[in-house]
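Before any questions on how it binds or moves, here is one chain, the form predicted on its own, in structure tokens.
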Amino acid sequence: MARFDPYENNGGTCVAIAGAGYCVVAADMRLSVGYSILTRDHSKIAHLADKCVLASSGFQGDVKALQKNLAAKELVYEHNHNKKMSCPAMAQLLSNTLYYKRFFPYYAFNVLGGLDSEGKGCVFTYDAVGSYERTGYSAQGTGATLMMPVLDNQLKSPSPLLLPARDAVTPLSEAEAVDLVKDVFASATERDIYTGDKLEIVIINSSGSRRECIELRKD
């Protein structure tokens, strides 16, 4: 007997790296189901607030619903408080939104990146039901298991158990972080069939944000 399954994993990988005065958020642009590629030009990155960007992989129906929900809540916040939501505030809102749906979760695996109120880069990484952590770097999606060992090797942040607490931001310059993101994606596309086609990179710093696109392997 056939069973209805409301979820489907459309693949893809998201990465974010935070530095002293910048944050780099990147995701591939392949949208696929099983062995079929539906489109090679699908953005997984959404600008949610001032200097705050969300990258999501998983089921893209749920991802779009989540982004729409967060955008509506951010707009209400902006009208009520007459200011844009900060990145740490958006991180808490995203956690609350995911946890509210914990019994029928959004099948979305999120990385939130941006600048905090001090102008430092911040990355928040999530599971599907809203548990989150602020880190210096993170990866989510089908290629995350291939990318995290490389990121750990290059950027290993200090243990959160160390006292006094140390900063989680990475020591790389902005250009070095962008180059590292390009390298890990080029490597992951060799092994993960759900990651590829194009790489979209958003760089956020004190002067604003900019977007880059580079080609990845198509097969």
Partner chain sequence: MDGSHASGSKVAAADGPGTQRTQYPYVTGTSIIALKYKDGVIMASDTGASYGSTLRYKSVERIKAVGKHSLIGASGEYSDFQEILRYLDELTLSDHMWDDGNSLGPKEIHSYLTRVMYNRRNKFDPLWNSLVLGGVKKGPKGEEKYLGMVNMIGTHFEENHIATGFGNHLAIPILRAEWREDMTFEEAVKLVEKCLLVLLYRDRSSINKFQIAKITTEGATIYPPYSLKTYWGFSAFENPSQGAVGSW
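Residue numbers count along the first chain shown, from 1. The shown structure was predicted, so the numbers you read here are calculated from the model rather than taken from an experiment.
One more form of this protein should be noted, the form predicted in complex with its partner chain, which is absent from this view; the next part is about it.
Annotated contacts: A128, L151 and R191 are all free of its partner chain in the predicted complex [non-hydrogen atom within 4.5 angstroms]. Although the partner is absent from this view, A65 contacts its partner chain in the predicted complex, with a non-hydrogen atom inside 4.5 angstroms.
Contact check for H42: a non-hydrogen atom falls within 4.5 Å of its partner chain in the predicted complex. Interface membership of G61, defined by any non-hydrogen atom within 4.5 Å of its partner chain in the predicted complex, is confirmed. Taking non-hydrogen atoms only, E8 approaches its partner chain to within 4.5 angstroms in the predicted complex. Contact annotation: of the candidates L48, V169, L180, L31, the single residue with a non-hydrogen atom within 4.5 angstroms of its partner chain in the predicted complex is L31. Exactly one of the stretches 103-111, 88-96, 128-136, 141-149 approaches its partner chain in the predicted complex with heavy atoms within 4.5 Å, and it is 103-111. For the stretch 17-39, the set of residues having any non-hydrogen atom within 4.5 angstroms of its partner chain in the predicted complex comprises L31, S36, I37, L38, T39, in sequence order.
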